[in-house]
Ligand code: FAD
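In the block that follows, a single chain appears as structure tokens, in the form predicted on its own.
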């Protein structure tokens, strides 16, 4: 009798969690498990803001996929996913094609520019390891060039961060710690540096506790961040950005570096495959399958689940993606083993949310309690270490974990 073939697309939080749980629960004679990813490493998306600012080396952000999968049970294919032929149960790769019986789509999201002119050409995005390296190297280059210029261009030292959501605020937290180091390194007067945060929404960290938001804004402003809230970026140019507040006239902010951190959408492959979606995100069934496709599970950034209490989608966080991976794996095991009854439904268990403000400060709500400062920073590092522990065990925590906890 032919073994069912489970193909997992993507080695992010959801995909790797699914694979590591499947390899423990299924024997070699029960199913063929295939993992497809374009890189031979996993990267901690929630650490990319640190690598982008230059406060954490980019190699600390990633680890080899081979270090957490069992090659005797899992076949790893390094390739890019180009399309999915759902009728034929085939995945089209840049290296060929692969059949599946069950498919797990966990390829992650993509940056959403909302059609703003010039953003793709002139702004950086904190999207992967190489993008993070590019941002860090670009900022370093701007400071080094300024130091060597005969005619100083102060706008070279201006940095714009588009977006005051989690990614934007966490990046700013690292940036305000890194910039003084760069100033010392290149003998630059710190007062010459301008750091702007531009957010179209009327507040910073929408949906977060207002008292904690106030703490974060006060801290970042004290360290030199200029907030422009309720202000939309209308265009990015080689010289910086053009912004407008409401119906007011557009203004130009000249800047040597523009980092766009204001939008994430689902994966374009979902749209190409013809699976019902909204901006690349699939409103999944309670058991995490795609509507009309009971053999396709969608996890992470490309899945959409509504929080009935507030009638808004759950945020696409690593915490939720990993929990989805665990439920998805259990459902796949049940399907493979021919278990009776309904598949398990997914309900997020939000243990807490912490937003870092640099290495030694943060804000958050943990087990229903508000935390700030070093206590919140400690909790953030514990959350980071727990993610490593759940996927790779104690050895991965020892190799990649964060131990400067206080």
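No experiment lies behind these values; they were computed from the predicted model shown. Residue numbers count along the first chain shown, from 1.
We do not show the form predicted in complex with flavin-adenine dinucleotide (FAD), though everything after this point is about it.
- When contacts are defined as a non-hydrogen atom within 4.5 Å, none of 21, 100 and 289 contacts flavin-adenine dinucleotide (FAD) in the model of the complex.
- Out of the listed residues 39, 55, 70, 372, 39 is the one that sits within 4.5 Å of flavin-adenine dinucleotide (FAD) in the model of the complex by at least one heavy atom.
- Scanning 307, 237, 317, 251 against flavin-adenine dinucleotide (FAD) in the model of the complex with a 4.5 Å heavy atom cut-off leaves one residue, 317.
- The closest non-hydrogen atom of residue 299 lies within 4.5 Å of flavin-adenine dinucleotide (FAD) in the model of the complex.
- Although the partner is absent here, residue 106 lies within 4.5 Å of flavin-adenine dinucleotide (FAD) in the model of the complex, judged by heavy atoms.
- In the model of the complex, at least one heavy atom of residue 321 sits within 4.5 Å of flavin-adenine dinucleotide (FAD).
- Contact check for residue 226: every heavy atom lies farther than 4.5 Å from flavin-adenine dinucleotide (FAD) in the model of the complex.
- Partner proximity in the model of the complex, defined as non-hydrogen atoms within 4.5 angstroms of flavin-adenine dinucleotide (FAD), places exactly one of 182-190, 167-175, 329-337, 210-218 at the interface: 167-175.
- Contacts of stretch 52-90 with flavin-adenine dinucleotide (FAD) in the model of the complex, defined by any heavy atom lying within 4.5 Å, are made by 79, 80, 81, listed in sequence order.
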